[in-house]
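One chain follows as structure tokens, the form predicted on its own.
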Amino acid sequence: MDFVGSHILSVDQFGREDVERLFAVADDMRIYADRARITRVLQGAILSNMFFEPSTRTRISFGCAFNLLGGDVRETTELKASSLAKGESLYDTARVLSGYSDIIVMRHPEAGSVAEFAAASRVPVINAGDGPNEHPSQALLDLYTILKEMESRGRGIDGLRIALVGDLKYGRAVHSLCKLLGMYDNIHYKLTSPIGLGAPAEMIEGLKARGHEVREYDQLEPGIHNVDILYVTRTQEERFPTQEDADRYRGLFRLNNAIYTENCEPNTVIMHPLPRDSRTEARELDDDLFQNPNLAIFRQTDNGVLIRMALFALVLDVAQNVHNHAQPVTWYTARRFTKV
């Protein structure tokens, strides 16, 4: 794909070579994400961060990524804080805000809404999640994390064995990640979910048609045996018709260190797109996993900044100039003295 000036709306836009190019740029961003150097390659550029659903990691990491490249960030964090609450159309909003911005990141509760917005925008738009549909930057950072974790074990992604656990029906991060992994060779998927929260049939058939092995489980323990990656998700309560419907699934699949030790291989990597549900009755990852060196969830969130910096650099066509605008760090930063 040609990244320059492009909207980033779906993982369907990416081929394997595109992903490899993005990951190479992400590697190049680490010196700035780790605060070893500063770059001002996007000085004067403006990002409009438009989040009409709750977000912590995605919203802040997009803003952080843009700031680390030297740009400025403007935020709208609630539907009621925008003129959409007054009945303004996505078309009008896009035409107006794209006049104030150089790039826009948008999250919206309705599937297809970000693509509709992008069609009217005069600047590139990045999809930060459109309802239950897709979350392309999350899938890209997840795939990047998988690659780095496997490389540390002397492996690549081809032939990967992965268990995806939890709400596979509404989990947009799972949908996008499965599509991206489908570009690689001989992937073994173990789709492990409570009855009623299974992955969409069309997604499963698409993976099988590409020659991958796909097995489905409705019990946790057999669904996490013999895998390289254990990717756990929370129940997407906000997608259910009623809270009562969502409550039926709360706490059904819970991973703790004892279950992990009994059922997983010693080097199985634990991932989660976060947020994890930390309520006692609901948590899908117990706190006793925090001392497990294979818990990669915070390495995952750190990688989100790298991937989003790389997306901005490629879409705004500055990837080749980032180091030309580098400067020394001028403040105290614990990252100089702490292994991150």
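We number the residues from 1 along the sequence you see. Note that the structure is predicted; figures quoted are calculated from it, not measured.
Just so it is clear, the following notes concern the form predicted in complex with a small molecule, a form of the same protein that is not shown.
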property	result
Residue 44 within 4.5 Å of the small molecule in the model of the complex, heavy atoms	no
Distance check, residue 58 to the small molecule in the model of the complex, heavy atom within 4.5 Å	yes
Contact of residue 138 with the small molecule in the model of the complex (heavy atom, 4.5 Å)	yes
is_contact(residue 304, the small molecule) in the model of the complex, heavy atom dist at most 4.5 Å	no
Interface residue in the model of the complex among 31, 64, 274, 289, criterion: non-hydrogen atom within 4.5 angstroms of the small molecule	274
Options 22 to 30, 290 to 298, 64 to 72, 48 to 56; stretch whose heavy atom lies within 4.5 Å of the small molecule in the model of the complex	48 to 56
